[in-house]
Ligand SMILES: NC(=O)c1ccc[n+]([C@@H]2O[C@H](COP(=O)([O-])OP(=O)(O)OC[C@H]3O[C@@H](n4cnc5c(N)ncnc54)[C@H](OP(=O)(O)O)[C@@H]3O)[C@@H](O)[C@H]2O)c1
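Here we start with a single chain on its own, the form predicted alone, put down as structure tokens.
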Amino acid sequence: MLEKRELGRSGLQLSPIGLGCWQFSKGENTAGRYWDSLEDTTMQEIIRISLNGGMNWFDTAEVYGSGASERVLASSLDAMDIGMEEAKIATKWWPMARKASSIEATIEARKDALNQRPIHLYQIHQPFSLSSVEQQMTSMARLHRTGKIGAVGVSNFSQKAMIESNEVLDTFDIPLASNQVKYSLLDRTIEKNGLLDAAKEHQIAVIAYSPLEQGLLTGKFHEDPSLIQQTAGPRKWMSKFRSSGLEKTEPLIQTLRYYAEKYDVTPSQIALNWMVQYHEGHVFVIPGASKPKHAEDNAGAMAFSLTREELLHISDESWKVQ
């Protein structure tokens, strides 16, 4: 089993893989309608399996169903009598058409949605606030100093905005814990634009969302393309899900299948294991789960270790399809 690791310089010890909870939005608001609505019992089972599999943290957000995801997560943890520190919670403030003052003004609403469970990591969801990075980080620092949140993170921030956030927080003697960005074997943009190198230099963890490219790296759509038309959201219209996209990525899928057979695991577990090991602890991942078997698969990705040679081989194959 892969060990827990520190999120940047925050002191927060997290499993390399956490559960992304966007799917728990219950079909509410625009963001929530991206996914099919799940039954409460299904979501609770997904959470239970994730915890039992060694995952100790959950990533949610205000915008996921206008707090529906936060409420489901907290009520499920309460129903299972999970201790306040046993399950770590990361959530996010939604900045669109808002000023930095909203960060502090809305924190009690976030805590209420989470049934007063601790917010171990609070993140700015997008860089599109009406206030400056300095103003946003100052508000986050005040919440941190008053004990209303734990670590401070950002999401979807550019390299420049990430470094500026870190510099502002440094004046309060608070580290920027993480930057949550899109990253996978099929999207290595942060390695090409310098963001990942900068994060490593400043000891800022990267939290990768969409690490399985919305299921593409499981190989199931390559095996049966007809499944694409059954998916919720806009996936069916994305170029990477078209026949030409599937053909382009088939060699990488074959590589994942080869190692999956070797380790008696699934292609998605190989992809996730690569994500959390290739950069030697700097990257965390938050795959989602809409079925209990997805949660089992996610957690199982921490139960083995690819060799350095295998990690490099998969990396080489990945670069061929960028």
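These numbers were taken from a predicted model, which means no experiment stands behind them. One rule holds for the numbers: they count along the sequence shown, beginning at 1.
Keep in mind that the form predicted in complex with the ligand is missing from the display, and what follows is about it.
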property: Option touching the ligand, based on a heavy atom within 4.5 Å in the predicted bound form, out of S155, S165, S76, T249; result: S155
property: H125 within 4.5 Å of the ligand in the predicted bound form, heavy atoms; result: yes
property: Touches the ligand in the predicted bound form: G65 (any heavy atom, 4.5 Å); result: no
property: Contact of K92 with the ligand in the predicted bound form (heavy atom, 4.5 Å); result: yes
property: Exercise: S268 in contact with the ligand in the predicted bound form, heavy atom 4.5 Å; result: yes
property: Interface segment, criterion being heavy atoms within 4.5 Å of the ligand in the predicted bound form, picked from 143-151, 191-199, 207-215, 81-89; result: 207-215
property: Stretch 265-288: residues contacting the ligand in the predicted bound form, 4.5 Å heavy atom cut-off; result: S268, I286, P287, G288
